[in-house]
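The form predicted alone is given below as one chain in structure tokens.
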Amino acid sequence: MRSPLSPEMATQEVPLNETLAHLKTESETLKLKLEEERAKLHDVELHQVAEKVEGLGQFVMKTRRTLKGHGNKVLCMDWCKDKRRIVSSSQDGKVIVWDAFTTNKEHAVTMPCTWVMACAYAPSGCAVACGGLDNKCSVYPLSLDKNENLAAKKKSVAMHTNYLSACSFTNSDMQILTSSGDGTCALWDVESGQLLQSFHGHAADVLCLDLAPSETGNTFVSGGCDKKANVWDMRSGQCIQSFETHESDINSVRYYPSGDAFASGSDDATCRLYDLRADREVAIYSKESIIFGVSSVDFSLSGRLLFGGYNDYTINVWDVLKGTRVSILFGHENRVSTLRVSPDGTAFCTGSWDHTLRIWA
């Protein structure tokens, strides 16, 4: 009778060079080789190419509206395609739909949980989605009847195993994309609540996502606590590009209007620009004097300006091409948590831990 395998024999079966340590070093050397190949193609800096471009003159932006009504920190906001309405969510569990022009509240929902970290407006303007510490993404249809109870029509769409950090409708009201503290992103069917595709590749909480602006819209970018920004193919579920140059959590990612690049904002106090065709980081937006993290970034409609909301209560405006700061905006009395440029590019809105939202133009 043959004796069962002893531990000694089991280790002999596996050649020593297959050990984990060996594989780790091998992957590190391959990573370095990739970096070297990337560097070979890196011939010139963005700001050098942009030297001949005319600088931006002084421009005045100030708070034009202040939206008051949340009882706690504002955590997320999104514009409606009608360029006028806004949905915002806060730590007190409230989700409010505003008319940004008149500052009137049009709808309000109290979520069953606090810390509603994500909210999004449907492309049609007929529904909003939100979620947070309840690990769910819920969709509320909006009606013209102001007195209607929205909560009664609530649809639970997405279920994660940890908090919901961001959500966004795809180009239709029928599908929603979510990211979560469980380290995954997922695509869901709104009607049935069915999981259509899941995206695995982050090694820690995913904090943000943004859909590519193209009509086909088959890719999106996500950023997280593993300091990585990943670009995904929505049809295959595969990660097609990954960028790891930040030194801390990535709190916000946003595509450049053309869809060929994206910006990220991080706790390392920098914003960075990644070119997808060059497959590398092409610019860093930072200053010695800026030591607080970036919570949220967005581009102007032309893509020439990058707005960043910071934890030191300010908004910095960067010249994307030249890499210089062109303006700094003051107004909020606590950290800026969310920032979005309106769909027509005429204004942008910020939400803050000071319980208010501000419209700037």
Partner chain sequence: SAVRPNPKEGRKMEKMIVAMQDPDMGMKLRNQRLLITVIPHAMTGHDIIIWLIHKYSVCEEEALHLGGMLVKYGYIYPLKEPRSLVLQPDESPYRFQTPYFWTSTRWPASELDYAIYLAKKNIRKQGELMEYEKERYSLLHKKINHTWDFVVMQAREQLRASKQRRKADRIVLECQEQAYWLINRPPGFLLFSSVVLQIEVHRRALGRNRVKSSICLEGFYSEQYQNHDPIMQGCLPSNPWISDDTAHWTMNTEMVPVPTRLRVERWSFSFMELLNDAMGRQEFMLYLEKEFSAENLYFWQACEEIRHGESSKIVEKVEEVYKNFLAPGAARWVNIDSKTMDKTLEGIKQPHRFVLDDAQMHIYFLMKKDSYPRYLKSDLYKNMLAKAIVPQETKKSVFPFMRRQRHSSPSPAQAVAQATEEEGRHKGAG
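These numbers come from a predicted model, not from an experiment. Residue numbers count along the first chain shown, from 1.
Missing here is the form predicted in complex with its partner chain; even so, the following discussion is about that form.
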- Of V157, V282, I96, L150, the one that lies within 4.5 Å of its partner chain in the model of the complex (heavy atoms): V282
- Message: Counting only non-hydrogen atoms and a 4.5 Å threshold, tell me whether K68, K136 and S138 all contact its partner chain in the model of the complex.
- Response: no
- Query: Contact between R254 and its partner chain in the model of the complex at 4.5 Å, heavy atoms?
  - Reply: no
- Message: I'd like to know if T314 sits close to its partner chain in the model of the complex, meaning any non-hydrogen atom pair within 4.5 angstroms.
- Response: yes
- Contact label in the model of the complex: N171 to its partner chain, heavy atom within 4.5 Å: yes
- Using the partner position in the model of the complex, report whether D267 sits within 4.5 Å of its partner chain, counting heavy atoms only. yes
- Message: Within 4.5 Å of its partner chain in the model of the complex, counting any non-hydrogen atom, which residues from 259 to 288 show up?
- Response: A261, D267, D268, A269, L273, D275, L276, R277, A278, D279, R280, V282, K287, E288
